[in-house]
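Only one chain is given next, in structure tokens, and it is the form predicted alone.
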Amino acid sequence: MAELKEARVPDIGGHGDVPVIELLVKPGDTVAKDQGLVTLESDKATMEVPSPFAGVVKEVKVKLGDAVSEGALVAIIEVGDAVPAPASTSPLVGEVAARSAAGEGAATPPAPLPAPIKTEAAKVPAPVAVESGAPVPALAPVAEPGQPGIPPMRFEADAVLPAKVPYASPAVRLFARELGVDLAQVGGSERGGRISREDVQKFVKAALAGGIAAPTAAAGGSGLNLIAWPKVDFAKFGAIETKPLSRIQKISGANLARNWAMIPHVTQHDDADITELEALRVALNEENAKAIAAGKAGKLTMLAFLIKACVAALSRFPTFNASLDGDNLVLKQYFHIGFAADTPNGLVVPVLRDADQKGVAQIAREMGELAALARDGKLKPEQMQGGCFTISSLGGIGGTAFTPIINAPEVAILGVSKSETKPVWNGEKFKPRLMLPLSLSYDHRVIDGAAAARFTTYLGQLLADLRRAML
């Protein structure tokens, strides 16, 4: 006896509100167990909802564009002994149905039939004549073992997808969500209106240039139109400990997120030969060892030399010593250099003022004073304001390269990693040289790649021979 049963969305890995992008069946279709009913697309993958039993589709309870979660009703399926075989069944099952239709008893086992031979020209077997003389109707294309059922119609995205379900791959959807882009506002340039990664990038560039108005909080948007942060009960997976963020982490975290989302970052990597400069630094510290021990002089660090070299490079390339203000570029005539200081409570950036008017020894001494204040949490607000360019040095820790995040409203930041002795070809032979990795992140709205390469090249020349800074 026929019975109506519900087909619901199974466990889909914890995803919720997943859009339906394709209907694989319609009312009246016969489906086999595990045959696909609809196609869903999350931010990570495309998946089919299988039929939990064989039968005839009576109703489809979802439509294109609907958002569904685990347990949502997808279809009503009539299940029973009288259900006809689905179109994608094998030839042997098809013949059993034909024998039954011809009046033969179901208890009489059919004689085994040879499997149809598949060819490239035609994959549909010819009708087979049965003992009663009734021919078997032509069969639908045979599904490959393990393959999902064949959709009843060809899927054309531009014809059946509603506007609220943008046509894009899961990878492009994830890329757009990382940038806070609403795909409903992006036009697709590929076939059928499909949105590509390049389409998303063009949309972001247009928005940053002021060509597209981003949704505001007053209009019901979140500024960047970001999706909600995932809520996870971590305790159900194991033991946890909750530790609140420090005040510095909260402030710097919000600034870093804004800068990363709003500034189109590009990072230029290069190596600088600091063999002679390091030898000079060590020699000068040895000469002033007594004064340093007595607190009358500051110990010279490579960062102090870097600040002096960066001032010379900023003078040579003034675009790097600027800030973007709407449609105007503000070129600064002063040189206040920020440096990232690691403290127990988080990262802070003290600013060394008028670095162009100070020698390396004075820069080193003032840096030490500012770093001590930062560690003690005693930096004043004005000591962290007005920076033109920032240096983030990880040389005392390690690493070979990284991507520092620009400290807005600046347009560039220099990352420095741990120096390493490497063999360098001098035209005749390899010689051991102390090489310092440089990572320059810059705002691509203001600075192009050629200018960034020239900047790091010139900076490397200065570090190789700081006498060039006097030219």
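What you are looking at is a predicted structure, and each value in this text was computed from that prediction instead of being measured. Counting begins at 1, following the sequence as shown.
The form predicted together with a small molecule is left out here; the points below concern that form.
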Just checking whether Gly188 would be counted as a contact of the small molecule in the predicted bound form - the rule being heavy atoms within 4.5 angstroms. no
Partner proximity in the predicted bound form: Met384 to the small molecule, non-hydrogen atom cutoff 4.5 Å: no
Partner proximity in the predicted bound form: Arg281 to the small molecule, non-hydrogen atom cutoff 4.5 Å: yes
Within 4.5 Å, heavy atoms only: does Thr301 come near the small molecule in the predicted bound form? yes
Since the chain is shown here on its own, which stretch among 233 to 241, 288 to 296, 170 to 178, 332 to 340 would lie within 4.5 Å of the small molecule in the predicted bound form, judged by heavy atoms? 332 to 340
Counting non-hydrogen atoms within 4.5 angstroms of the small molecule in the predicted bound form, say which of Leu277, Leu373, Leu394, Ala207 makes the cut. Leu394
Considering the small molecule in the predicted bound form, which of Ala401, Leu245, Ala261, Leu347 comes within 4.5 Å of it through any heavy atom? Leu347
